[in-house]
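Only one chain is given next, in structure tokens, and it is the form predicted alone.
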């Protein structure tokens, strides 16, 4: 296992406690208040647990009348029962519900930060690993709510420690330091284990992510066909089994560490209890204490050690909670708008804008190689450009840069002469209607998916018109609920499932509905049949009217619909011109087109109309 460097916590324990308390008072205040009110109740119950046996013995040897004995014991028992019911029947139930509410509120903040975090940052593995650890913190040992819980435990233990310590000190002050030895040793070994666990938390999180991915594969319908047809089930099962073995080995290692951290205190406990109980028995034999006092002191010694140990263990637990909250705060504290400006998109929405790439280069974080190298390109206002090239040429990276998903490593992208980073990020996104090659649908209705509106404020006739323009008219006519059909059969029994080609058409309809001034189509016909593809091409001129557009396709015959063609190779623009100009130039574009065009010729060598 790779060793990791010592890492300083993101925030201090005090800072994390104040933050967690503030968050809980904001999102689940009732649980916090009930816990504070429950402190005296818990201390009273602790005292009742040692005093009731002593009271019974005292009354049994008192010689009082049975009625008086029953009244004294019964009254005390009723008080104890009422306190217990108040704690278990009300306080525990409500605090558990409030803790869940609080943890889900923190999880909401984590998910909100995931959606607002820049795509470039979220794509990094370390970001996603941190998110996983932050999510785990919301479900592990009550997560962020663990702070207030442990603080109230601490106060309960301290008050009980003072009360019971006073009882023990009343007959033997020197017994206190003897009893405290074991909890101190336990805390020392517990802290050693916690530091070890924190040091290796990244390994554990990474292993859990891999195991979770392997567990999800049997439920993935998209992967199910390949798994069966290509006989991958045995391979995936072996991977899952090996990950389970690795996780089991890791859990055994953790258990061994925990066992070793507690083993040393067992000898101390035996010594402590033997000495304390021998001393009490001696005092009872010498009649220095009565029988009921013996019972009281015996119980007080047993409980006192647990209270002192509880203080130390809770302190160690607070440190563990603090480290978990560090992951949460580190994830949600990131300022995702730091490098963005404040310009609005409104004045650029009314007409097709001009776009310019000025000496733009890009390389991924941690890589020495540039994916794009000194790209300079100008889109005229209202121009339609086709971007072509072999896989790995840099086309997708250029699109992500244009859409604001990435920021250039060097150089600048300008919209109507204004640098892209001068726009507020959400405002910049308004300028684009992209159709990406890989798209996913969620459990929304067709209308909600196309319009991006979940409140029912969309233009229904416009939604339907965009769907029909994108080639989904026949599909729409077969759905009883029409545009109100949910896109998930597992969520809604009356829902529907779209094929890959239909999903691409749906994304095309969404782009049409948004009607942004810049249209980006990344392989929009990759999953379509030839007839559907032909209809999209027929619609292309209408779609791009009044817009500046970028069209990416591996099928070079489609580029004739565009004003100019940009050919990329190894992250650089190597050819640019109209379809006819590039064919006449006899370069790589022409060579690639000739290789593809053989598939579009009839038996007489004439090129078909594609």
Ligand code: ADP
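Numbering follows the first chain given and starts at 1. In this text, all values refer to a predicted model and were calculated from it rather than measured experimentally.
One more form of this protein should be noted, the form predicted in complex with adenosine-5'-diphosphate, which is absent from this view; the next part is about it.
When the contact criterion is heavy atoms within 4.5 Å, does residue 105 count as touching adenosine-5'-diphosphate in the model of the complex?
No, residue 105 sits far enough from adenosine-5'-diphosphate in the model of the complex that none of its heavy atoms falls within 4.5 Å.
Could you tell me if residue 391 has a non-hydrogen atom within 4.5 Å of adenosine-5'-diphosphate in the model of the complex?
Because a heavy atom of residue 391 falls inside 4.5 Å of adenosine-5'-diphosphate in the model of the complex, the answer is yes.
Classify residue 395 as contacting or not contacting adenosine-5'-diphosphate in the model of the complex by the rule of any non-hydrogen atom within 4.5 angstroms, answering yes or no.
Yes, residue 395 sits close enough to adenosine-5'-diphosphate in the model of the complex that at least one of its heavy atoms falls within 4.5 Å.
Contact with adenosine-5'-diphosphate in the model of the complex for residue 406, defined as at least one heavy atom pair within 4.5 Å: yes or no?
Taking the distances in the model of the complex, the answer for residue 406 is yes, it comes within 4.5 Å of adenosine-5'-diphosphate.
Can you pick the stretch from 107-115, 459-467, 308-316, 364-372 whose heavy atoms fall within 4.5 Å of adenosine-5'-diphosphate in the model of the complex?
One stretch meets the cut-off, namely 364-372.
494, 215, 123, 251 - the one with a heavy atom within 4.5 Å of adenosine-5'-diphosphate in the model of the complex
The option sitting close enough to the partner is 123.
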